[in-house]
Ligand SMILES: N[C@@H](CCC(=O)N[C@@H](CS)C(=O)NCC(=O)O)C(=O)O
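Below you will find one chain, with nothing else, as structure tokens; this is the form predicted on its own, and questions on how it binds or moves follow later.
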Amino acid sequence: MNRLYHVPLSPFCRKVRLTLAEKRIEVELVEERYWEQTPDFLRRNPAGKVPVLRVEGRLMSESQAICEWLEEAYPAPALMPRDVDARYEVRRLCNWFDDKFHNEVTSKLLYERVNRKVQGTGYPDSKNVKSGATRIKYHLDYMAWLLDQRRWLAGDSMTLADFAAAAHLSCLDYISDVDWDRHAVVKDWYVKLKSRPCFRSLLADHVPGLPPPRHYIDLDF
């Protein structure tokens, strides 16, 4: 059985989960308290990070590398376009969300509000939370600009770029940190993704002591 070592509210793990589910690759989910840095986990990934995917007898780490390997090993349904320029745009946007959005928003909101509590590392830093709440507006505006020109974030087809963005936003939606009324086009894009079968396991996630808001599992908000 394929196995994914993950954390439910990790956007990087969620991106891999969406890719696996979209491609209908069965996988056992194993929650990993990676911050404890246990010898068993460090043997699986010396970097001490999730996700780690065990598939076909090999261990893989780093979410983007995992997703692109899955795309090449299991090409249907396609999550990367064939055109070289279009593939560049998908990779650019994946990096945008996993780097810029993560550093400016996810790490400031999700990690402060959730990770500190789960890991027992203290109370949220109010300056970080305020910064994340400010910066997410800019990113939602950028997404709206993209979606005003395209059906999906990177073009006319759903790609890994959409999964990267949805992975981050779904984590933040779990803690009610996304203003879905800011741009109707962004909300409509998220509803399309949220309604896909690959999203079902994400909507079933439940962090002990941190229940999601009622709208989190509502496909129509």
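So that there is no doubt, residue numbering starts at 1 and follows the sequence shown. The model shown is predicted, which means the values in this text are computed figures rather than measured ones.
Below, we turn to the form predicted together with the named molecule, even though it does not appear here.
When the named molecule is considered in the model of the complex, only one residue from L153, L160, V50, L169 comes within 4.5 Å through any heavy atom, namely V50. Listed stretches are 42-50, 179-187, 192-200, 23-31; the contact stretch with the named molecule in the model of the complex is 42-50, by a heavy atom cutoff of 4.5 Å. A residue is said to contact a partner when one of its heavy atoms sits within 4.5 Å of a partner heavy atom; D173 fails this definition for the named molecule in the model of the complex, lying far away. In the model of the complex, the named molecule lies farther than 4.5 Å from every heavy atom of E68. For the chain shown alone, Y74 is not a contact residue for the named molecule in the model of the complex, no non-hydrogen atom being within 4.5 angstroms. At least one heavy atom of Y111 is located within 4.5 Å of the named molecule in the model of the complex. Residues are counted as partner-facing when one of their heavy atoms sits within 4.5 Å of the named molecule in the model of the complex; in 7-28 these are S10, P11, F12, in sequence order.
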